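Just the one chain here, the form predicted alone, laid out as structure tokens.
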């Protein structure tokens, strides 16, 4: 089997992830922060150590501003629904995932003004276009750091600086980049960073959250969920301090243990090594798929791309080609709109969508070569049909 769906969920996971989850299940298993016994304390330590690892990864001084949720979608909703009120103005790009666009459209129906800056046909948001859009007072700018459709990365440091000069909070959707791209909160002018655990951070599904930078006024961000936190139990009102204010209910501690294992694997391996390998895979995908007659690439510019490449074929529809890759060549990929109709509209691949190959750190160059050969064979076969 060749797994090329890492933009959806990374696979396989490092051994450290499975080891951390197994150790928690066998040796701890208790509810963190709800009891005073040693296993509860150990469970709380697992969560705090994962906060510390994530804070270190993003060069964030205060681990308590790492707020856990179920995924990046949870983090994005916490930021968007937590901050924006009727009458506020939010600016976003034409490359956003539905995890941004759906909450924004819901907020729009309640009186929040939503403005979309068009992207180039390659998916790049021009900083000058954002600057012009921010001449009017804006409360928040939301940008997808890396596209899950064609792997295009935005210039977040420059975009963040523009947002800050305009007095807007800068929210970055790092679902595709957290773990495989060097990100620093303050250096990159990021106020709020939504991350997911199950992609390039190598964690299990059901993990992720939001990192709130030092300049973010958390007293203004409303929780999405209210309830038990294990703290201030004598009060029937929600605690005011992070992270408890935003983390009601028993957390996914075994998942967070696995996420901690994934993040530590990244810190030990080194971001530079991860980027080097994935850049090589991306270049091989673009060169190989681009050499096939009848294949159209939807690739990001070389200096701005992840190891995710979308393409279509004149001979076969995305769904037909994806099915043949699975059934005839044991190659697993994703087809369709990838929950990102806005991005496909920007790239010109709406409404049919694309075939998406997304390599990961554990993908080999031989697997990339085999996938390219399989596409070439299927396209030729389709041309003859």
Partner chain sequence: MNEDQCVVLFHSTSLALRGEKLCREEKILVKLIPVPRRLSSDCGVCLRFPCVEEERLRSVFAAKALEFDDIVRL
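Since the structure is predicted, the reported quantities are computational estimates derived from the model, not experimental observations. Numbering follows the first chain given and starts at 1.
Unshown form predicted in complex with the partner chain; subsequent notes refer to it.
- Each of 33, 36 and 244 comes within 4.5 Å of the partner chain in the model of the complex, counting any heavy atom.
- 64 is the sole member of 332, 64, 345, 339 with a non-hydrogen atom lying within 4.5 angstroms of the partner chain in the model of the complex.
- The single contact residue among 109, 237, 233, 291, judged by any heavy atom lying within 4.5 Å of the partner chain in the model of the complex, is 233.
- Here the chain stands by itself, but in the model of the complex one stretch of 353-361, 318-326, 36-44, 22-30, 36-44, has heavy atoms within 4.5 Å of the partner chain.
- Contact annotation: residue 48 falls within 4.5 Å of the partner chain in the model of the complex, judged by heavy atom distances.
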